Each structure stands twice: as structure tokens, then as C-alpha cells.
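A single chain comes next, written as C-alpha cells; it is the form predicted on its own.
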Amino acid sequence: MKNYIWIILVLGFSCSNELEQPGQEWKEEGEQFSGAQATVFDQSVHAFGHAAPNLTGDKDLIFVSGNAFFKRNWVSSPASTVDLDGLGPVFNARSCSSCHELDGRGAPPLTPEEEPVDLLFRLSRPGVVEWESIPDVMYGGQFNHLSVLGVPPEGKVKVVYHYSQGEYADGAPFELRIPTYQFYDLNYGPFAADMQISPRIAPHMVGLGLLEAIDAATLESFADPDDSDGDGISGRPNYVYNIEKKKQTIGRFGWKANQPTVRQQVAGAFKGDIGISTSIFPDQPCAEGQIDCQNAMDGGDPELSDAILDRVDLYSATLAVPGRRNWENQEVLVGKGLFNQIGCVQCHKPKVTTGKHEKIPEFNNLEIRPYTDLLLHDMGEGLADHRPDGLANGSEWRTPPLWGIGMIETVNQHTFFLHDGRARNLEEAILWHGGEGEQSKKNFMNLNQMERNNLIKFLESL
């Protein structure tokens, strides 16, 4: 009997001790499955490249085919490989994977001598027409630093960094990197004085189809454009033109939520980045004043067949979400609590349930953890590009999903974040928050060193 009582006491003490550990109240059963049944557990450089494991039918085969087209280099016309020509006439990349290496995140140039590969620049002139930005007459809507033979490229650009210093409430110093961009060797004349320029880095691609499956009504329920609850957060949807549906629908993809579907996002990248026309965007990427570009040989009308577009669309939409690492670790759980307590979850919504996906029923009614509301938020003057995009103004950005960010360093060998890669780590990304994110940033700055470290460990577990 005495031994029996002793066992009960020991077990009771053990359970009580576990419950008293900091952070345990933030543990949730199953939260390691960020993409629900579309989650994979791979901590290697291939973490972003898996098909969602719950795909059915022939989707796995289409995924493999789409992956092949995603990675292939396109060539200029005419070429013997009819399905793979049509590059340019002006362009930024020869393949999708040249910017999204291993389906991951791009990096900005580190020195003025390094030409941008994963960083592109959207261009426009002041004003909008039916929610669309007005392209420049000579340089169009995107700066293209490459071209096919016989067509002058638009020019070159280099990045120059400046630095600012600051300190936390506990006196610990920090430094932020501020990019400026210099365009030179311009072949179509100097930029107009009022040219609007927005740098955009290639984001990692996991979970796009799951985000596409979220009902528009769910996203609209997150919105509070007039800040009626007085919490300082006034997110709103971007409504953009859905070309295939021929109507305005909610934007979900791109740094300013300027594309409504994965398919339209993919077609836009084929045109803007590689210079490949599709049934969605049938025109060549030539500005009005670029005569040589307009007269260049094309690869067909359109250059990319719907059959190939369908494959790349499905591939991009069904990339699995990496599962959480160290999600039960005490420091990670404490960091999760702090992430909630300082207000980050007001925009980075941890959990949402999908609705019905039109083409991928495997993504229907899943509880996912993307840490985004997909809404536009004013992020302050420090991050403003002063360029409208759809309904988004020059200081608004879509809340980026956080799932997978902890694997960027493993997959892509860097930790550059934000829309232009200026933040050299997650800590700097937080410190750049302004506008609607200003209070959460201040709350982060008031944490002590251990608390800040724990919050970063939580982010690294996503």
C-alpha cells in the first residue's frame, strides 16, 4: 500500500510540474499540421517542393508535369521546340524557378555590382483606370533588364543600402538596412519625374491553393476598414478584375493582393517576368513606345497553351505546406504566447477554415494555420512604395502568410524578408512594421532579450 501511495504522489507531482511550465497554455493539439491534410514533414532543402499528400486521381501526375514546365528555361522564337519558345522580347527571367528556386523565396542583390535576379520592379504613372495602374509609355508596367537578340533591354538597376540605428527599451542596439535603387543605361529614355516604382521579391510558394480555397466571405469578415472597434487595425480586401470570370473578385495573391486566383497569378508572371503570352494575358510585354519589341517574332497566339498553363497552375496551387518543427518546445510556446499578446495575430490570423475549391476538392473544409488574413493594411511610411495597385494605395500591403518562413534559411540559404528583402532576419522584419503594425512593433521593442528571442523561435518554428 505504501508503494502504491508513493507512485501516486510521484505521478501527481510530475503532472503538476508539467502544467506549471511556462507556455503550456498555448499548446494546441494538431497545430503542427499547418496545412491540415496538405502538410508534409521534411526539414531538408526540398521542404517546399512536395505535392500535397491528400491529392487524388491523376493530380500527382499533373503536378510532376507542371513542375517540369515550372523549371524549364524558355527560349526565343522561332525554335524547334514549339511548346517552349516565345521568350521575351523583353523579360526578367528565363524560367519560373530562376526566381522561385526550390519553390522558395528570392533574395535581393547584396552589392551595387550584383544585378537583380529574384527582385523585379513594377512601374506605373500617377492615376488609375478602372482600378488598374497606368503603365509608362516607354517602359510599360514592369522594368525588364533582359531581352532577346535584336531588341534593346530596358536598362539596368543597382541597389545601394544605407543604415539606421536604434535601440530597444532595455538598451540593446539594432540596425536597419534601407535600400535605394538606381536605374541606369536606360535604352528608352530617362524615367519620367513622376514614375512610380515598386520593388517586389519572389515569395515562397507553399499553400497557395489552400489560400485560394478560403471563402471570400471569411476574408471579408476579417475586414474593419473604418476601424470600428478602435483597435488601430483597419484591414480591407483588395478587389481586382478576374479576367476569366469577367468581374471584380477579391484579391489574394501578390504583395498587394492584386491577383484573384493562382491561375491568373501564374499567367501574369509568365507575361511580366518571362514574356510568354497566354489566353489570359494574350499581349506581348512591350510598352507602347518600344517598336523593336512590338515587331519581334513571337511564339504563337498564345505562346503558352492552356494545357501547359493548367499544369503549372495545378503545380503552383498544390505545393504542400511544411509542418511545424519544435512546436511543443517550451521556449517556442512562450514565444507563441508573446506573439498573441503583443497583437501580431490581429493581422496574422493563426487559423482559418477553408471553404470549397472549384478545382481541388481535396482542399475543401480544412482547418489550416497560414497566419494571414490576406487583407491590405497600411504599414506606414517606412515601407511605403507610393504606388497604387488595384484598390491598394501606396502604403498598403497584403498580410503575407507566415507558414514556412522558418524553413527559408534551409531551402534558400538566406533570411531576407519583406516585399523587397530589406530585412536581414525576422527581427528586422518586425522592426520595419509601422502604420497599423506600429503598436505591435512597440510592444516587441519593450520585451526583454529573452522574450524577443522566444518570439523569434516561435516564428522559426512555423
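Numbering starts at 1 and follows the sequence shown. All values reported here derive from a predicted model rather than from experimental measurement.
Only in words, not in the display: the form predicted in complex with ligand HEC, which the text now covers.
At the 4.5 Å threshold, heavy atoms of A47 stay clear of ligand HEC in the model of the complex, well away from it. Although the partner is absent here, F70 lies within 4.5 Å of ligand HEC in the model of the complex, judged by heavy atoms. By the criterion of a heavy atom within 4.5 Å, I201 is counted among the residues contacting ligand HEC in the model of the complex. Ligand HEC in the model of the complex comes within 4.5 Å of no heavy atom belonging to G35.
Here the chain stands by itself, but in the model of the complex one stretch of 95 to 103, 281 to 289, 179 to 187, 127 to 135, 95 to 103, has heavy atoms within 4.5 Å of ligand HEC.
Contact here is defined as any heavy atom lying within 4.5 Å of ligand HEC in the model of the complex, and by that definition not a single one of A79, E154 and C293 is a contact residue. Proximity to ligand HEC in the model of the complex, defined as a heavy atom within 4.5 Å, holds among A213, C344, I368, L314 only for C344. Among W255, Y168, F222, F191, the residue placing a heavy atom within 4.5 Å of ligand HEC in the model of the complex is W255. Taking ligand HEC as it sits in the model of the complex, the stretch 389 to 424 comes within 4.5 angstroms of it through a non-hydrogen atom at W397, R398, T399, P400, L402, I405, F417, L418, H419.
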